[in-house]
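Quick heads-up: it's one chain on its own, the form predicted alone, in structure tokens.
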Amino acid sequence: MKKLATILAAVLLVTLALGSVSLAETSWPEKTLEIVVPYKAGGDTDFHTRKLAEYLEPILGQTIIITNIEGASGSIGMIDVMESAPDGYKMLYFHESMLTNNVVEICEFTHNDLDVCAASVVDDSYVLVVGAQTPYQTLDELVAAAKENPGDIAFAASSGGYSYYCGRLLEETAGIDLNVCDAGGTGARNSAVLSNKMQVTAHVYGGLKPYIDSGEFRVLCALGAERNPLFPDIPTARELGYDMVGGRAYFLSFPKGTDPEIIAKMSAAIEQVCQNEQFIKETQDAYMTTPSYLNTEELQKRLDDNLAFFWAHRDLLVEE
């Protein structure tokens, strides 16, 4: 029996070793890779994709091209990748608006219609801002004004997107009635607040930074669970007495049916990028957030949990 156990143990070790060699020696990638960004160039998703690709290229030894396919709050680009061959050469870089799109029925698909790989950023830098021309200096002042004049204060959001969720979450948490409007993408939302057509919006700090730095936007609070060390003077909503926390993961996915060895190799490469000090610094400087790697299993669980959460709180995304 001892001899048999020894033989079995040896076989197991060899099997595990061969599996590791197989993963390490997979020939992918052997040609140019493509990552689809489901939005216009220039936004936060586009930035994080291009920065990730820049650092992945020397690790993978191949050129990575970025293709922007906008439409339907990111769903058109998502469908384009879903319909592509699962050969490892075309991928999607998206975030958790993929989930809210499903809940509000912009798109019938979710992350489970793709093979998720890994996240490179979990951005908890969301902030609530108002235009500098508004009289609101604090979140309490905004809430008080909304209670006095229900429906008069316009919140610039993107229908079905995370900004819309933030607006509705503010309403529910503070017990107020805002005019949460579909103002379009980030640029359109910013323009609406800058022109005072709308008064308040929410987005990642980096997407609003030029207007914050210029004084055109006033930050009322951050939506992170704790103060962000990159802008430590801004209090969280929780500190101010409003139990609101927001943030979203930016992640890479492959078409369904992609070889698990390819997914594992890309995930390992993304982990390596996220440990690169220069990549960390450039991400922090540009978007006031720190890269956060989630492996395939961690990412799958987060997306499963958040999809269930959004369905359970569908009333914050859809006004019946």
Partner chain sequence: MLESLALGVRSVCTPVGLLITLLGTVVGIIFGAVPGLSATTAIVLCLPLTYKMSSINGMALLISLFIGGISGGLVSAILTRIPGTPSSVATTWDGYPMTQKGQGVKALGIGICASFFGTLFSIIVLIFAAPSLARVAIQFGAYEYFAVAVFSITMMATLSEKSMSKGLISGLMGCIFATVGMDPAGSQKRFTLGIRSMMSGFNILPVLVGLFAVCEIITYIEKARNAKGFEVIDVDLKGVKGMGFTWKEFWGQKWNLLRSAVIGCIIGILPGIGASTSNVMAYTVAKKSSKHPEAFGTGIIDGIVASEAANNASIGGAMVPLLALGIPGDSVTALLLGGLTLKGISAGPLLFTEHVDLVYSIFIAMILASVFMLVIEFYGLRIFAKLLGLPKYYMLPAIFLFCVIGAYGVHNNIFDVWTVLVFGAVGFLFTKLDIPASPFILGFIIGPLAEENLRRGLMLSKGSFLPFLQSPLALVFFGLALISVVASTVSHRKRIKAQKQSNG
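Here the rigid core means the biggest group of C-alpha atoms that line up within 1.5 Å when the two forms are laid on top of each other. All values reported here derive from a predicted model rather than from experimental measurement. Positions refer to the first chain, counted from 1.
One more form of this protein, predicted together with its partner chain, exists but is not displayed; see below.
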Inset, instruction - Establish, in the predicted complex, whether D259, E261 and E271 all lie within 4.5 Å of its partner chain, using non-hydrogen atoms for the distance. - result: no
Inset, instruction - Please determine, with the chain shown alone, which of 158 to 166, 91 to 99, 237 to 245, 124 to 132 has non-hydrogen atoms within 4.5 Å of its partner chain in the predicted complex. - result: 158 to 166
Inset, instruction - Considering only heavy atoms, tell me if N179 and its partner chain come within 4.5 Å of each other in the predicted complex. - result: yes
Legend entry - R227: touches its partner chain in the predicted complex, heavy atom cutoff 4.5 angstroms: no
Inset, instruction - May I ask you to check whether S195 falls inside a 4.5 Å heavy atom distance of its partner chain in the predicted complex? - result: yes
Inset, instruction - Answer for D152 alone: is it within 4.5 Å of its partner chain in the predicted complex, judged on heavy atom distances? - result: yes
Inset, instruction - Give, in sequence order, every residue of 107 to 128 that has a heavy atom within 4.5 Å of its partner chain in the predicted complex, or say none if there are no such residues. - result: E108, F109
Inset, instruction - Using a rigid core alignment, state whether the CA of L99 is displaced by 2 Å or more between the shown form and the other one. - result: no
Inset, instruction - Taking the rigid core as the superposition reference, indicate whether the CA of A192 shifts 2 angstroms or more between the shown form and the other one. - result: yes
